[in-house]
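Just one chain is shown here, as structure tokens, and it is the form predicted alone.
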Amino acid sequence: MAAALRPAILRHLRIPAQAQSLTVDPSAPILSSFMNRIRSMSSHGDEHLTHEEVVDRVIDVVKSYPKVDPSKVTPQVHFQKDLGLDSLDTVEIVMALEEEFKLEIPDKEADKIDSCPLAIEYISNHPMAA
């Protein structure tokens, strides 16, 4: 019912818009204050991580895991094949990555992350990684 009601209400609330030229003074205090507020509300605007930052931080997280020999960790390392970790260790590393990057990785996606390349790819493509 709500789905049918919404278009009917919106149809009555529409306001015809006419093209008008608008001259704006960018130095106006109201406009600059407004633009700063918009930027500050952005959840991931200019703060998105570079690929290199993601690689470095993922490697640091994996190296800091107690069962890992830090000398074996590279950007291409597989958690089980190369580091000898079991599935529980892999889950703990993924949880540490969530904490490091302030993300919540859904279980379905977390189950797929079993190597540094997959972790790096997921985090690099996540818009909310911080």
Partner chain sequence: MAFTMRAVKVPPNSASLEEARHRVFDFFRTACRSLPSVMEIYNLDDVVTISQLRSTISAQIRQNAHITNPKVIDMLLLKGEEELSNITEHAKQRHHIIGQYVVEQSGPHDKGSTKDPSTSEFLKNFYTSNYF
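Keep in mind that this is a model prediction, so the values were computed, not measured. Positions refer to the first chain, counted from 1.
Note that the form predicted in complex with the partner chain isn't included here; everything after this is about it.
Although the partner is absent here, D89 sits close enough that one of its heavy atoms falls within 4.5 Å of the partner chain in the predicted bound form. The partner chain is not shown here, but in the predicted bound form it comes within 4.5 Å of a heavy atom of I105. Although the partner is absent here, K63 sits far enough away that none of its heavy atoms falls within 4.5 Å of the partner chain in the predicted bound form. Shown alone here, E99 lies within 4.5 Å of the partner chain in the predicted bound form, counting heavy atoms only. Screening K72, K81, H51, K67 for any heavy atom within 4.5 Å of the partner chain in the predicted bound form leaves a single hit, K67.
Taking the partner chain as positioned in the predicted bound form, the residues of 107-123 that bring a heavy atom within 4.5 Å of it are, in sequence order, D107, A110, D111.
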